[in-house]
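Given as structure tokens, the chain that follows is alone and in the form predicted alone.
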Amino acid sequence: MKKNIVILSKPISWVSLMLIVVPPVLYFTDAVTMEIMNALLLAGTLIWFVTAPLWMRGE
């Protein structure tokens, strides 16, 4: 069970990092509004802080 959580949390945390990196670029190119960018940044941050400790404990 614990190994499954580690296997699932690692890719989820990498996707959350993409939610932190990509939205500012999209905002800079006027592809999204500031409200959408802020929402994506908040979601990415929250997901990162929940999932990253799950797989970083063993490393």
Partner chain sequence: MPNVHIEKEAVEELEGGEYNREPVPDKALKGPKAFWGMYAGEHAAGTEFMIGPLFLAAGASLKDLFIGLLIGNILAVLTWRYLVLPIAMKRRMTLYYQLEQIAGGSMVKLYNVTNGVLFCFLAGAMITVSASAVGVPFDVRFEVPEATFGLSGAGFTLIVAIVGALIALVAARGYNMVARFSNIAAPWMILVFVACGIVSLAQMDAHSFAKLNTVWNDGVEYVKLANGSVDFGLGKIIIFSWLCNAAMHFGMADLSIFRFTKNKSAGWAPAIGMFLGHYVAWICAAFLLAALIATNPNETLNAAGKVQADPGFLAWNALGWAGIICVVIAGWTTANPTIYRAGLAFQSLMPKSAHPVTGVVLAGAVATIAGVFPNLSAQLLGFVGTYGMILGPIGAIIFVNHYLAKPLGIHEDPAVAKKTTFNVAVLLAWVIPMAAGLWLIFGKGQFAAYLVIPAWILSGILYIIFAKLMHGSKSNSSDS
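These figures come from a predicted structure and were not determined experimentally. Positions refer to the first chain, counted from 1.
One more form of this protein exists, namely the form predicted in complex with the partner chain; it is left out here, but the text below deals with it.
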- Task: Decide whether Met56 counts as a contact residue for the partner chain in the predicted complex under a heavy atom distance cut-off of 4.5 Å.
- Result: yes
- Message: Can you work out whether Met34 and the partner chain are in contact in the predicted complex, taking contact to mean some heavy atom pair no more than 4.5 Å apart?
- Response: yes
- Query: Using heavy atoms and a 4.5 Å limit, would one call Ile12 a contact residue for the partner chain in the predicted complex?
  - Reply: no
- Applying a 4.5 angstroms cut-off on non-hydrogen atoms, the residues of 29-49 near the partner chain in the predicted complex are Met34, Met37, Asn38, Leu41, Leu42, Thr45, Trp48, Phe49
